[in-house]
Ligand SMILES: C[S@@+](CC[C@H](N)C(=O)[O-])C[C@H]1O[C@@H](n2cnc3c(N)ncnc32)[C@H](O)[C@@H]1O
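Just the one chain here, the form predicted alone, laid out as structure tokens.
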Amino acid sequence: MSLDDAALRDAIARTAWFHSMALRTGIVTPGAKSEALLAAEANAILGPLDLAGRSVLDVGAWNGFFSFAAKRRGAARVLATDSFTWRHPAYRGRETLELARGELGLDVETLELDPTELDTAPTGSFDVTLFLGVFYHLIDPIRAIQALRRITRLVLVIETHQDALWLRRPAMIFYPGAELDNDPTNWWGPNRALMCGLLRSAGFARVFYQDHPMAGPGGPYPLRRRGIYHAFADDAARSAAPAPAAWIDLATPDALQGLLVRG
């Protein structure tokens, strides 16, 4: 049964939101990420890809913004998965996604799944996999990338916090406590060389990088060190996607050298 506007606003107010989404005219979820920020991220992450008729796996979907965005961009099948935020008594992420899905009327499947279970879960394979804001929350992200390669047919998209960006050698900074954003679930800060090497060693043929679209000078500090990677399974998959001007081909000689920044 459809909620009236007052009941919908009340339901929204009873839960925490990370994604700001317009569920009805004049009714927007009060997410920590604004509509403008999410629009910029969706353009950078999904914009270069032709999702028409594709299958998409969204790992760590939370409130479901990117799952819904993929469906709106023509994906034939979208599976949203999460565990931590869906089970968390304060975040209640599964409840928020279900509320948004019902209001938006989008056919998005859901599966409660921790990223550490990707090796054994019967999810099948997907043309496109989204791994956004998840990598650095895993104590063993390397195993997760290897599992993602096995279930990704065309392209894996990773958005992540980064660190050690002054190093040319592959490296990750370990945060044993709450050093990163006062959040004890943040474990790692990889640099670009690490991400490129890890994705290539997992079996991805081509890796393209871009800074977070709002990470430029004067941008919000939490976004300053974030980056986006599009890792293609093979050259045929890569040729199906036009390369935006913002993409840097990490196979290009000295590409990583040109990306080094001071600590």
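One rule holds for the numbers: they count along the sequence shown, beginning at 1. Just so it is clear, the structure is predicted and the values come from calculations on it, not from any experiment.
The following text describes the form predicted together with the named molecule, which does not appear among the structures shown.
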{"property": "The single option of 134, 144, 165, 79 touching the named molecule in the predicted bound form, heavy atom within 4.5 Å", "result": "134"}
{"property": "Every residue of 17, 68 and 92 near the named molecule in the predicted bound form, heavy atom within 4.5 Å", "result": "no"}
{"property": "The named molecule in the predicted bound form: contacting segment from 79-87, 145-153, 95-103, 118-126, heavy atom within 4.5 Å", "result": "79-87"}
{"property": "Interface membership of residue 200, the named molecule in the predicted bound form, 4.5 Å heavy atom rule", "result": "no"}
{"property": "The named molecule contact in the predicted bound form: residue 108, any heavy atom under 4.5 Å", "result": "no"}
{"property": "Contact test in the predicted bound form: residue 193 vs the named molecule, heavy atoms, 4.5 Å", "result": "no"}
{"property": "4.5 Å heavy atom contact, residue 138 to the named molecule in the predicted bound form", "result": "yes"}
{"property": "Residues of stretch 33-51 in contact with the named molecule in the predicted bound form (4.5 Å, non-hydrogen atom)", "result": "33"}
